[in-house]
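Next up: just one chain, as C-alpha cells, the form predicted on its own.
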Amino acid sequence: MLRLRDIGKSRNGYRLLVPRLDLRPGQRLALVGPSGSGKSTLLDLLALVLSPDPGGTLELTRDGRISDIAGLWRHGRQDLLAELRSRAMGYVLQTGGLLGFLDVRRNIGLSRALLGMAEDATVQRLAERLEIADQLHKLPAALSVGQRQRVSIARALAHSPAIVLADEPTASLDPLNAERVMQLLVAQAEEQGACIVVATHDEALAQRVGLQLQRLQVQRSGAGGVLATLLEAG
C-alpha cells in the first residue's frame, strides 16, 4: 500500500533516512528507538502530513491506483494529499486529540461524517469492541485517560482506513491499562485488515501484542548533528 525508497527528512541538524519500507495489508509494526530518534517524524511522513526531502520514492497504492506522494508534495497538491490522507489513514495521537465539545459518539463518528459516509452500526460496534459503549453520551472531560485513548482508537478506525498509525498511544497509561489498550488497538486493526504502525518506547509490550519491531538507529556527529536510519524489520 505504501512504498518508501531512500526517503529522507532534514531539519535543524537532524536527518531521518528511510532506505526501504513497504507497508502491506495486515502488517503489524512497532517503531522503536530512543527519544529523539524520529519515530513521530516517520509517522508524520507515513500519514502524509509532512513533506519528504527531494529525491527518493514515496508511493501510495489504493484501489489499484498508484499515487506519487513525493510528486504531490513537490507540486503543492495539498488538496489531493488531504483527500488521500482522510480516506486511507487513521491516526491515534498520544494525547487522544478528541474534540471536547462533542460527545463520545460524535467524536468516534467524526471521520465518517467528514467523508460523507452513511450512518450505520459502525460507531456502536467499535464502542462495544473497545469497551466504551456505556460512555457514548459523555463528553471527553468526563472520561478517564484510558477511556479517552479507546475513543481515539475507535475514531481512527471508524472510516475503515487502510493504514492505522499510533504515536505512543499508551505512554500516559498505567501498565495494566496500557496492555489492554494496546491489545484492543491491535485486535481491531487486525479485524479490519488494516496495516498498523505504532511508535512506542515499550518494546516488551509491542512484542507481547504481536507487533514486529522496526528499529531506528541513531548516530550523532561531533558537531551535534543527528542521523536516524530506519533499519530492516526484525
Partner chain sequence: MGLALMSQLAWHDYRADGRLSACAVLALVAVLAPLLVLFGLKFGLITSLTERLERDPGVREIVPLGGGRFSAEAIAELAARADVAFALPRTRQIAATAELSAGDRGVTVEMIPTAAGDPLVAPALLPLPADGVLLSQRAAEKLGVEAGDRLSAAFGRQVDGRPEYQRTDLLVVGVLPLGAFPRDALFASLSLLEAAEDYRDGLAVPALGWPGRSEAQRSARVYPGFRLYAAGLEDVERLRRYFAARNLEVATQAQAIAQLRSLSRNLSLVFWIIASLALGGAFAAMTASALAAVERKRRALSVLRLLGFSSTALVAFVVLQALYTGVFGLILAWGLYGAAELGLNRLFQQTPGEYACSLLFGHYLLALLATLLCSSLAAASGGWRAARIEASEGLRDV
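Numbering follows the first chain given and starts at 1. The shown structure was predicted, so the numbers you read here are calculated from the model rather than taken from an experiment.
Same protein, other form: the form predicted in complex with the partner chain, not shown, and the subject of what follows.
Student: Exactly one of 133, 117, 110, 142 has a non-hydrogen atom within 4.5 Å of the partner chain in the model of the complex; which residue is it?
Tutor: By the 4.5 Å heavy-atom cutoff, the listed residue in contact is 110.
Student: Mind telling me which stretch in 44-52, 57-65, 180-188, 205-213 gets its heavy atoms within 4.5 Å of the partner chain in the model of the complex?
Tutor: Single hit among the candidates: 44-52.
Student: Quick one: is residue 125 in contact with the partner chain in the model of the complex, heavy atoms, 4.5 Å cut-off?
Tutor: Flag for residue 125 set to no.
Student: Considering only heavy atoms, tell me if residue 150 and the partner chain come within 4.5 Å of each other in the model of the complex.
Tutor: Output for residue 150 is no: heavy atoms all beyond 4.5 Å of the partner chain.
Student: Even though the partner isn't displayed, in the model of the complex is residue 192 close enough to the partner chain, meaning a heavy atom within 4.5 Å?
Tutor: No.
Student: Just checking whether residue 106 would be counted as a contact of the partner chain in the model of the complex - the rule being heavy atoms within 4.5 angstroms.
Tutor: Yes, residue 106 is a contact residue.
Student: When the partner chain is placed as it is in the model of the complex, are 6, 35 and 223 each within 4.5 Å of it, taking any non-hydrogen atom of the residue?
Tutor: Negative, none of the three is within 4.5 Å.
Student: For the heavy atom contacts within 4.5 Å of the partner chain in the model of the complex, list the residues of 25-42 involved, in sequence order.
Tutor: Contacts from 25-42: just 40.
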